[in-house]
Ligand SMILES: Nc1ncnc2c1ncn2[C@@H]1O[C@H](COP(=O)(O)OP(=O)(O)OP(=O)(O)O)[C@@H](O)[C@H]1O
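Below you will find one chain, with nothing else, as structure tokens; this is the form predicted on its own, and questions on how it binds or moves follow later.
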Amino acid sequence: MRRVVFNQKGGVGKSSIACNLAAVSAVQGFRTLLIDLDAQANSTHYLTGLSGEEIPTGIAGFFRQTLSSGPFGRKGRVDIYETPFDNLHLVTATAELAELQPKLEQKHKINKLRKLLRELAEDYDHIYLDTPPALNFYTISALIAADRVLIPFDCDSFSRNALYSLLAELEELKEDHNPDLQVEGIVVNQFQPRATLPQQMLDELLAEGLPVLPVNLMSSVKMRESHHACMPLIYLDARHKLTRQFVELHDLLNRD
């Protein structure tokens, strides 16, 4: 399983969802890898506590190798970081990704990640990909390489307006580049069940027939505590309601 967590709108909890689903996967005994493709490196910091020059080269090193090799050059390799958590490994992101992006686009390296993931899939049961909040080179590479995409949504008008175009773009990418890509659905994040607007918007999305998943992730200060501790919720507080929601979401997505 190779799952991309993606939305073009920032602030919807993309990295939090990717990391916490990967952590649940690891706790349940699956050999799990998270690949951070965002130059902001939020997932990298969340799972390691590292920042800046402390971070290993990770995925940027892999892409740098693809640029330096000729048509018959060596195969790109990637350094994998062992997190403090059993079964959970990470390919780190660094700010160098922003510098590499135009060079990778110019050299048409869009399929290199797909080849890498095919090799990594031999060693991992579940692979998660955290992407930038933009449909750029790294996100398109991830969507071409993956077999599933999960869309976080945070119940505001800006997110809703962007959602329709995002679904259309995913359908076009699927048709042109990756017919095996499955849009798993929309997961509502930072949900406030007692507020009128989020529930109204959720009901409207369901009425429109959009693929909204039946698990809503609540808004909770516990997530901020988790970020601060650099410890996904399943390790920080396994009994918390939000943790249980992540477990429920994980099991729903992986029931096949």
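Note that this is a predicted model, so its numbers are computed, not measured. Numbers follow the displayed sequence, beginning with 1.
The form predicted together with the named molecule exists for this protein as well; it is not shown, and the discussion that follows is about that form.
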Any non-hydrogen atom of residue 21 within 4.5 angstroms of the named molecule in the predicted bound form
no
Heavy atom of residue 242 within 4.5 Å of the named molecule in the predicted bound form
yes
According to a 4.5 angstroms non-hydrogen atom cut-off, is residue 16 in contact with the named molecule in the predicted bound form?
yes
Heavy atom to heavy atom, is residue 227 within 4.5 Å of the named molecule in the predicted bound form?
yes
Do heavy atoms from each of 61, 67 and 142 fall within 4.5 Å of the named molecule in the predicted bound form?
no
Considering 28, 220, 57, 199, which brings a non-hydrogen atom within 4.5 Å of the named molecule in the predicted bound form?
220
Taking the named molecule in the predicted bound form, which residues along 26 to 59 bring a heavy atom to within 4.5 Å of it?
38, 40, 42
